[in-house]
Structures are given as C-alpha cells and as structure tokens.
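Okay, here we've got a single chain as structure tokens, the form predicted alone, with questions on binding and movement later.
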C-alpha cells in the first residue's frame, strides 16, 4: 500500500547517492523543518474552519458561507487580514519579553511534533523516552503564557497568565497519571513500541474499565491544559477581555492563536497514539480476515482520522458546556480527577501484574 514512508525512503536514498552523510543529514533536517512549518499553516487553516463549522452545526446555523465554496476559504481571508495588521507594543511593556513570548509558544509546539508517528515508519524522532519527552516539553508552554501576561503591563493579561499557570500545572498531574496508566501496561515510553503493543487491539479496549477511566480523565485534562472552553479561564472574555493576549495584535496574536490549535492537534495525536493505537488499524484478536481488510486502509488515514475525531470531541465540549469559575476548575482537578487518577493507576498496576488485560 502507498505510504509516507516510501516517499521518505526514496528521498533519503537519492540524497545519500548524491551527497555525503553530513550534507544528507542537513538537507533532511531542512526538509523536515519546512514540512513542519507547512503542517502548522495547514492545521491552522483547517482547524479554524472546522471549529466554526462544528459550532454552526451544533447551534443549527450556517456558519462561514461567504468566502470560497461554502465558506471554506474564510480561514485564508482571516490569515491575510492578520498578516497585514500592524503589530502594536504597549508603551509600558517589556518589549523583549513581549515580542519573544509568541515565538516561544510556537517553538514549543514545533518541538512537541518530533516523537509523533504520523504513519507507519514515518516519524521525525523515535526516541526511547518519547512520551516523557512530550509531557516534559509541553510543560514549557506555560512559560510563554506567563511571559506574555507579565510583559504586557496589563492587569487583565497578568491575571489571565496567573490563572493559566495554576490551571496548566494542576491538570498536568491528571494528564500525566492517565498516560502513565497505559505506560504501565505497555512497559515502554517509546512511541513506536506503544503503537506496536496495540497490534492485536487498542489499549482503550484491551485495558478494560481502568483504561476507559484513564482516557476520559486524559481528554478532560488536556482540554484544560490547552485553555479550551469550558476551561478557558486564562482568556475569559466576559471578565478578562482576552486574558494573557489582550495586548497582542497582528502576527503576534496569530502565533498564539495558531499555537493553541496546534497544541490541540498534538494532545489529540498523543491520545490517539496511546489509547487508540495511533496509525495502527483496528485489529481484533485472531480475526485474520477482518484484520487484513483493515490493513488496506493507509496508516496515515488511521492516525489523522483518530486525531480529528478527538479534536471534534474537544470542540464538542466547547459548544456544549458553560465556562467554569476558577475555583470550580481547581476543585475539579484536586478533589476529583487527581484522586481518581491515583486510584486508577493502582488498579492498572494490579491488572498489569496479574495479567488481567487482553
């Protein structure tokens, strides 16, 4: 079957035949970086129009319908508008930190893409601590938000940044424990090995009820970590104007906006990889005929299909639930999600030791 790995192998073979090892590596890294930037741009365009169409569908209205066929080019028009807008810097702002914060957000998002397996044998960096790498690097995202809020010299921005810091640090615990529950079952932090362990079934089904509990907690926690409604206290329009990016405009605002959607894609890609097998087709035990039929679907379609399904679920949250208060948000984490996650991790550990999973 056609796959991305065939293209990458052909490019590598051609470069190796025409350049030495050093230049081959440099050119491949440049190509990879260019593709990542292109992926970011495409994700921004696709996810913004998807958000608007999903919200319109749930609210029984048309949504964007002017620019392009059925409004599908509305994101392109918004991008052009942001590119030509003037970027303003407040007089009392710390200009270096203020201008650096959006780029830190984008750099962190780019780093997070490295271990994600987009298809079979198509991965930027299959390091042996891939999941730990993602959870560690994602923690840096809060620094860009704190930088933006503090450097803006705006009380609303500072309050939004402090809320975001408390929120992200809190919900990282539950998200990490949910991931750790599946790591206990797989016995590895390497993304390729986690996917391979699901060849005879995805962990969401093989792990019984504890895996389902971990999955539900993971989805709730990453929704809060990415500052998505109903957990968008960091940019609550009704009370904080726009939160930590109140003072941002033009391309600096666009970078924060894009980083949010890319982060949603990354956490959903991670969830699809850990709980739903990533690029692995749906295999059921020894059902050879069914499994062979599933293998005809390209691995990249499996990964992107699962990822966009989880993105749809997170968008569904936004247009279904009202925004929480900050005390409700922290109570949900510390009084409910964290204790449940800890007990669930003990159950998964017992299940792994006793071999009770499929």
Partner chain sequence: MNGSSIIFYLVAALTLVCAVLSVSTRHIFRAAIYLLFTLIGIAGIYFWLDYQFIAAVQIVVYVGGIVVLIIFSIFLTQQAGEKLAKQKIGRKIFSALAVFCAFALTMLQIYQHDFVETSAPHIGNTVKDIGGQMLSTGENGYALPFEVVSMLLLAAMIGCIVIALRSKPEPK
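Residue numbers count along the first chain shown, from 1. Everything numeric here is computed off the predicted structure, so don't read it as measured data.
Quick note: we don't show the form predicted in complex with its partner chain, though the next part is all about it.
- Only one segment in the set 129-137, 241-249, 77-85, 173-181 has residues whose heavy atoms sit within 4.5 Å of its partner chain in the model of the complex; it is 129-137.
- Note on the partner interface in the model of the complex: the residue among 284, 212, 124, 169 having a heavy atom within 4.5 angstroms of its partner chain is 169.
- Proximity to its partner chain in the model of the complex, defined as a heavy atom within 4.5 Å, holds among 229, 204, 142, 113 only for 142.
- Site residues 67, 73 and 291 are none of them in contact with its partner chain in the model of the complex, judged by any heavy atom within 4.5 Å.
- For residue 150, a non-hydrogen atom is located within 4.5 Å of its partner chain in the model of the complex, even though that partner is not displayed.
- Taking non-hydrogen atoms only, residue 37 never approaches its partner chain to within 4.5 angstroms in the model of the complex.
- Its partner chain in the model of the complex is approached by residue 25, whose closest heavy atom lies within 4.5 angstroms of it.
- In the model of the complex, its partner chain sits within 4.5 Å of a heavy atom of residue 94.
- Scanning 288-302 for heavy atoms within 4.5 Å of its partner chain in the model of the complex gives no residues at all.
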